[in-house]
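We've got the same protein chain twice here, in two forms, each standing alone as structure tokens: structure 1 and structure 2.
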Structure 1
Amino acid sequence: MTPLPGPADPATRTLMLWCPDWPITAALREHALPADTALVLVDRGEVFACSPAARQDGVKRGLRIREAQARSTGLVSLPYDPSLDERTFEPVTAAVETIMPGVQVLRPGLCAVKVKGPSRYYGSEGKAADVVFRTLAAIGLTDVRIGIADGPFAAEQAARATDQDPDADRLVVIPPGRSPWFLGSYPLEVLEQPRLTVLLKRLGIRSLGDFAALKASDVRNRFGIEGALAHRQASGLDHRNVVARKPPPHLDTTADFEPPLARIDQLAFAFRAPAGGFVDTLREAGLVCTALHVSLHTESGEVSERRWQHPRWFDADDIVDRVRWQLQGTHASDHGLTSGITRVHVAPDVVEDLSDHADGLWGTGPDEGIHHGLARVQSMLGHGAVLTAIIAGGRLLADRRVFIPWGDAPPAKAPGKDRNQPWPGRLPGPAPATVFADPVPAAVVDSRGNPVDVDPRGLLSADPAFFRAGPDDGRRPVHSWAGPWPINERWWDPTGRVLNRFQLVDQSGSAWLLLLEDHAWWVEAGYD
């Protein structure tokens, strides 16, 4: 059983920094949207967060996206990305750590600091909060609220109290020892313990003050350890301490060039040493980078950014190759650029433990040789010279193949070919083993040698008896067949396609997938 803190244990004076609607703020900053945009973040088809402009139109959390769009005609919807919240809150945390160490991030948009040391250094708790406001305003963050009280729980409620009155100050300071008085009128829901809240309300207890008036021993005997800890929070005796985070190591690297470099080979040579230092820094931290972000800055102010992924992990040569390929992808020649490169910034996007990528006792064998061979081909012929296939959405099998450069991360959604869409008419599994890049002309006839066709109502003119899979193929008797399965693409468009799909099995047991379009037969794929 977890022991409770003693009654004499004082609560830690805590400064709680709260950024309201942080997921919305992060999305606005990431996509460079105006602050007054009616924006919602969607998670599993429902509104996860909404901006103040959207709330004015009646949008609230939990609405279905269709209903939210009906309430706000100019609504902008984006998918909710938790990693974006964490990534964009990191500069805020780093800025606070420069003026007062010991920051604990409770979640993106909410962090706590022990205020005892900063209040002594800056002169008072209010002055320490003013320094935080000015520091965050310098990085463009002005909608910040701060609460100072005894313990993280009371400090968080003090910070949120600033949002109740639009004209109120952004800072609320609860004097030492006054946290029980401040919390007394708050409802039980702020404890975020639904089961305990329902039980207390059945007993006639409606507020934190009513809960705090109960004897601590009676609460523990009746509600157990969880109820006893909640009772201490309601009494302003928060047992939690502020646990400072360990700042992450500085892993990215930046190389500045003066004068700007106007040749790709010059840049590759000059950046080789920083790339080696980048890899060495990761190794010292016991990490390897499997995905990185490269930013190229030109003297004309243009910025080229790209995320690169590696099938194993990046070494110095791989990083230099990616920088060169990124330049070549912007249609820059080997003899000159439209604008000289002044800065190269490389930051790890995904890092993994070095031990997870250690070589085997006898090396990595064929995998290592394949990797080096393909990387060599890419370095000589360009990033797009080696391609790998991924499966996308579509009705025809050839349309479902999408080729991406080897080593790149598969896109979450191929443009116009999202696999999660219904795609009526697509072939269910199991999929054929051989898919022809271009359909092969075929012929299907009945027992009298007449071509088999399908009328506008989808009825066969006769049962298939023989077929030929290709102009050089002999006539094959049909052992069994299934179909037709119609595919009507873009039925509202005069240029749409109407196809019928069949499966045929010959007497040898070989299975084929055929298409019938405009009275012509084609072999789409074959089953092994």
Structure 2
Amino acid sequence: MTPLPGPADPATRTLMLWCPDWPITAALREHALPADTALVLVDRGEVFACSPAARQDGVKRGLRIREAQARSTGLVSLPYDPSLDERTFEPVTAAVETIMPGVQVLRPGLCAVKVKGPSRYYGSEGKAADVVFRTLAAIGLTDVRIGIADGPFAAEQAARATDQDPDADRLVVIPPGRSPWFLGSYPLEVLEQPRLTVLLKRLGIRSLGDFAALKASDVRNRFGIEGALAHRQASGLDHRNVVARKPPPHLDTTADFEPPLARIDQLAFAFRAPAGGFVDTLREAGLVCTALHVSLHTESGEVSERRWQHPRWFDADDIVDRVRWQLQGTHASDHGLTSGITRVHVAPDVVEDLSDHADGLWGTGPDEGIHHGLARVQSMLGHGAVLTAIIAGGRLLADRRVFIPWGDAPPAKAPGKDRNQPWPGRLPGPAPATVFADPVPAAVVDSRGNPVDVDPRGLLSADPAFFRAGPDDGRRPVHSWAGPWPINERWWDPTGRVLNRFQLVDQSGSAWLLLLEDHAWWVEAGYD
């Protein structure tokens, strides 16, 4: 059995810093929403966290999103992103580290500090906590609670025991040696050991105080090491110690430009050196970066942010290319910056060990050459000009093909785009070789020259006799044809489409796929 620390070991006086509803605070800060927004974070269709405003409307954790929307009108819902929590908590940890060393992040929103040193330095534990409050208020974080007690467990409970009202005292200090008394009235659930809790309740033990009153040796004999550790927690003698984190190396890079740069080539030139420094720093740490965040700040306060991925890893030229593409606006949401660039910030998102990416002695095969060649074409034409394709689900042929810029990961399978699901109305037989990205206007007439149409009941007005596949196309006699094949996409949605599909073969043996939508004919695809 693992030896337990003896009862003589004093528990570490611990300052526990707790930011209530951290996922919500993080999301509000990230999306620059006002603090009183009714916001919920959604994880797999259920509410993961909700803001105080949403809670007042009766929204709570675990509710289905539809139910939450019904309870609170004007609810803003965002997907829950665990990495966002960690990313936004990092400045908080860094701010605390500037005033007291040895911060341990237990999870985003909760961190522990050994308080002995700071309390001696600042005069008392209360004064040390005041300094923390002031420091965090300076970075715009006001809803912070602090509990100080013997050991992390008691300190966390103390922090949670602070008044819910943000204007009231945000600090609870349990004097040394009083932690068992403080914890005594708590229910067993706070131990977060469901099996032990059930067992103890059956034995008639309801609170931590009851549990702590048992003899330590009896608990250990009866409940084993887990029980003994829980017993120490309940007695206010926390076995855990505060393990200070080592501040991570500073990997991201920022370049400020004064005066602001208005031209892309100037920026690309000026950012080349910082990009080289970024790659060198990573290399010294034995890392390579395979995904990064680029944010561009302009003089008028606009920020353009994007995550970029790389099929291998970024070198300095690649980073400069990504900055340039982001400015050129390969995506509709990216462009539209109206003033000069004042700051470029590049932060690594995914780093991997350099040795996993080392080149083999004779190179790593032909794919490396492919990548270099395609990166060259991308730097000529832009990121979105070099594509690979995958086939997705859908009824219309243009929906079924999805283009992915070279180097980007394929999109996570969107619900409703799965290829393997049945798609009633999808096209039977061989797929057409030409699929028009934008349908081409066409015309179909019957033997007397009247346009062919389909009535609301799906009946054809007359058999097609001639058609034109395109505005400049000559008149083609119909050799054989089939249709109408109705497609009724998303009938519940006003943006859904109602179409009729036809296959037509002309006298020369060319086959075409035509669409009839709202009395107008379009060429969807050609089989040549």
Partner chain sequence: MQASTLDSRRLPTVPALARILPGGGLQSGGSYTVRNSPALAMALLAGPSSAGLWCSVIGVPDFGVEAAQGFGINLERLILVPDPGSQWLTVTAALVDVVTVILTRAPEHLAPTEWARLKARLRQRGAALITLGAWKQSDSTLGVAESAWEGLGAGTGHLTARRMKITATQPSGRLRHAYVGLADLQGTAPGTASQGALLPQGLQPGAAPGSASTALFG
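For numbering, take structure 1's sequence and count from 1. No experiment lies behind these values; they were computed from the predicted model shown. In this text, rigid core is short for the largest set of C-alphas that superpose within 1.5 Å between two forms.
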**Message:** Just to confirm, one of these is the form predicted alone and one is not; which one is it?
**Reply:** 1
**Item:** Flag for Val498, CA shift 2 Å or larger between the two structures after aligning core
**Value:** yes
**Asked** Honestly, after the rigid core fit, is Phe257 moving at least 2 Å at Cα between the two structures?
**Response** yes
**Message:** Rigid core superposed, CA of Glu284 - does it shift 2 Å or more between the two structures?
**Reply:** no
**Item:** Once the two forms are fitted on their core, CA shift of Thr298 between the two structures in Å
**Value:** 4.1
**Asked** Rigid-core fit: what Cα movement does Ala273 have between the two structures, in Å to one decimal?
**Response** 2.4
